[in-house]
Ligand SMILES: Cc1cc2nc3c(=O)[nH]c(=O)nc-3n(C[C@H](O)[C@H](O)[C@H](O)COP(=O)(O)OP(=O)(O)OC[C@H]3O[C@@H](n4cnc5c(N)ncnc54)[C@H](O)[C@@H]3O)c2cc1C
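Listed next as C-alpha cells is one chain, alone, in the form predicted alone.
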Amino acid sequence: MNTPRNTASLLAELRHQLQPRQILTEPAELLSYGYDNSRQQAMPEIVVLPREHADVLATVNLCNKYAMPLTPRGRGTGTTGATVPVKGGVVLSTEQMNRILISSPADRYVVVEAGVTNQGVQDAVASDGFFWAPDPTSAAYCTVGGNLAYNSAGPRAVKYGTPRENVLGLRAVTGDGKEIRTGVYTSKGVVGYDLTRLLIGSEGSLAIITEATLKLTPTPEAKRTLRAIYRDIESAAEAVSRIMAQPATPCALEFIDGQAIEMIRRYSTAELPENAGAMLMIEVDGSLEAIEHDTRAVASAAQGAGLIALSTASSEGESKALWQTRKSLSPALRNVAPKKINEDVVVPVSRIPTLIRGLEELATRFGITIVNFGHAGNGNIHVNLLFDAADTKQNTNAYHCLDQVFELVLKNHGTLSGEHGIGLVKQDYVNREIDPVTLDLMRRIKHEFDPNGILNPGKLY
C-alpha cells in the first residue's frame, strides 16, 4: 500500500457516505469496541456501524483508499482476540445489521444479516417448526456473523454439525472492496469452488460477511436428558466411544473431568458423589415414536465398568436440574481464577484418556491447576489453566504449560482449536499444525481476497 494513512480525510468521506449515528469517534464510545472476551484490548480510531450491505461496501472501499486497517466485529464474545484492533484504524461492527431478510420454511432456509443474534434466528424460525443447528453458549448475545467467522458450534455439533455444515451461501465484501455471493439456496450444489466454507472460520481476514443463507433443521418432537457419573476418565471415555459407535447419535454429549466435578461440588449446590472421576451429560432427541428406544440404546451404551450412577430426567424440570450441574462450572471457574487460560483443543475420541492423563502430568510438572470439560462426542475439550496472574512464577509456568498442552494435542493427532479460532492468542502456534507449503498457500489466498492487507491485520498467521 502506497497511499498514506489519513484518518481525517477518511472520516470526512465516511461522514459523507453514512449517517452521523453510524460513526463513533469519542474515546468513551471507542473503548467498548477495542476488546473482546480474550481480555486483550487496543483502541480503534473510528467505529463504523453499517445498517446494510451497501454501508459495508462503502466502508471497505474507503479504508482501501486511505490504507486504513479494518477490523470486522460482531458482539465481541470471542475468546482469542480476533476482533481486537491491534493496528488501530477502523472497527466495523455489524450489530445494527439485524434483519431477517427471507424466511422459506418450505425450502428449509432463512436469509439473515450478519448482525442477527443466534437466538434471534432460533426465535424467528421456531414457530415454523425449525431451528438452526449451531448453539454456542453465548447464543443469546453472539451474532451469526461471529458464529461464521469462528465456525462456532456448541453441544449440538456432535449430531447436527458446525456452521460449515449448516450454511448454504453467503453475501460478502472482499478485502479489496468487491461484492461476492457464494453457495446456493439448495441442499446440493457443486458448481465452482466452495468459497462458502472457505470464508466460514476465516475470522474476517478474507471478506466481511454481510448476509448468510442458513440451512434449517426440523425441531425434534421429543428430547431426553441423561447424566452418567464414572469412577475415572478411562471409563467415561470408553463410554463415549460406545455411545458414538451405535446408531442413535445423541444431540449433546458433554464431558466433565474429576477436577471440574470437585470444583462444582465446592462452589455450587449441585449434589455429586465424592468418588466421581468423570461425568457425561447426554441429550437424545428425535420423534415421539423413537425417543424411548433411542434413549434406552444410549443408556445401554453408557453402561459399563466404572459407572457409578446413571440418571434420566423424566420431566423438563428434571432435565434443567441435571444441566444445572454443567452450567455451574463456568461461574465456579471464574471465582477461582478470573485470569484463567481457556483453550478449546480437539483430539480423536479414542485419544481423550491419553490427553487427560497427559494434562494431569503437565499440571503436576508446572504446578498449575487444569480443569477440563467440553464436547466429548467430537473430542472437543476445553482445557482451563487456572493460575494467579499476579504471581510471576505461576504466570510464567502457565504459559510454559500451555506450550506443552499444544504439543500434547498435536502428538495425539489433534488440532489447536475446535471453535474458538486463532485470533491473537494462538497465532504463534499455527506453524506447528500447518506445514510451510500449506501456510504459504493460505497467505496467497489471503492476498487474492485482500491485496492491500487491510482486513483484520495482525491476526491468524
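These numbers were taken from a predicted model, which means no experiment stands behind them. So that there is no doubt, residue numbering starts at 1 and follows the sequence shown.
Just so you know, the form predicted in complex with the ligand exists too; it's not on screen, but the next bit is about it.
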Original post:
Considering T77, S103, Q259, Q122, which brings a non-hydrogen atom within 4.5 Å of the ligand in the model of the complex?
Top reply: T77
**OP:** Give a yes or no on whether each residue among P72, C142 and A149 has a heavy atom within 4.5 Å of the ligand in the model of the complex.
**Re:** yes
Original post:
Based on heavy atom distances of at most 4.5 Å to the ligand in the model of the complex, which listed stretch, 290 to 298, 208 to 216, 176 to 184, 222 to 230, is the contact stretch?
Top reply: 208 to 216
Original post:
Though only this chain appears here, would E283 touch the ligand in the model of the complex if you measure heavy atom gaps against 4.5 Å?
Top reply: no
Original post:
Is Q96 close enough to touch the ligand in the model of the complex, meaning at least one heavy atom pair within 4.5 Å?
Top reply: no
Original post:
Does any heavy atom of P353 come within 4.5 Å of a heavy atom of the ligand in the model of the complex?
Top reply: no
**OP:** Consider N275 of the chain shown here, and say whether it contacts the ligand in the model of the complex, taking contact as heavy atoms within 4.5 Å.
**Re:** no
Original post:
Though the partner is not shown here, which residues of 439 to 456 have a heavy atom within 4.5 Å of the ligand in the model of the complex?
Top reply: N456
